[in-house]
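First comes one chain, alone, set out as structure tokens in the form predicted on its own.
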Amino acid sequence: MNAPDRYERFVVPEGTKKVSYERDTKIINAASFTVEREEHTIGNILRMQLHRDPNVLFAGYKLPHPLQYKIIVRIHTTSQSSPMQAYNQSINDLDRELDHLKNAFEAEMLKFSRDY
């Protein structure tokens, strides 16, 4: 069978960075981030979080090919911010949101388990 091994979809190869950054040479305050071993789930969540930032003019992502396990996130910001700052801020905001969601879920599960 010609299909790649399943673990190749998730495990970042040794010597490969999880996230790489490339500045756009044609547009000021624009850049592309290549995120290895991720797909639509992370791409869409990250894009939506970037859209919440008022300094982000454009945020989008694409999967170059179904057999390439990476996403390319494009960010264009105003002059008050840089794409790197917007990316880092959105990752930190998502981390806090997911921590809050986890804590709320665990609290409800604890309450549920005490009642039953």
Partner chain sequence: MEGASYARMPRVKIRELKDDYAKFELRDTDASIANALRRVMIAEVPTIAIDLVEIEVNSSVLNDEFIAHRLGLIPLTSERAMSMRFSRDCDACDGDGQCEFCSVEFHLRVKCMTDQTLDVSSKDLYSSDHSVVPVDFSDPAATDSSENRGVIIVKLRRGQELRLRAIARKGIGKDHAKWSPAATVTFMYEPEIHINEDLMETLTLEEKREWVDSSPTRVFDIDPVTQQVMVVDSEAYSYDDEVIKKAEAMGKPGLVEIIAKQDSFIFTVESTGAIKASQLVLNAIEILKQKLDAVRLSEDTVEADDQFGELGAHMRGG
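In this text, all values refer to a predicted model and were calculated from it rather than measured experimentally. Residue numbers count along the first chain shown, from 1.
Only in words, not in the display: the form predicted together with its partner chain, which the text now covers.
Visitor: Could you tell me if residue 84 has a non-hydrogen atom within 4.5 Å of its partner chain in the predicted bound form?
Guide: Yes.
Visitor: State yes or no: in the predicted bound form, is some non-hydrogen atom of residue 92 no more than 4.5 angstroms from a non-hydrogen atom of its partner chain?
Guide: Flag for residue 92 set to yes.
Visitor: Please determine whether residue 57 contacts its partner chain in the predicted bound form, using a 4.5 Å cut-off between heavy atoms.
Guide: Output for residue 57 is no: heavy atoms all beyond 4.5 Å of its partner chain.
Visitor: Within a 4.5 Å heavy atom cut-off, is residue 14 in contact with its partner chain in the predicted bound form?
Guide: Contact with its partner chain, no.
Visitor: Taking its partner chain as it sits in the predicted bound form, which residues of 94 to 113 have a non-hydrogen atom within 4.5 Å of it? Please list them.
Guide: In sequence order, 94, 95, 96, 97, 98, 99, 100, 101, 102, 104, 105, 106, 108, 109, 112 come within 4.5 Å of the partner.
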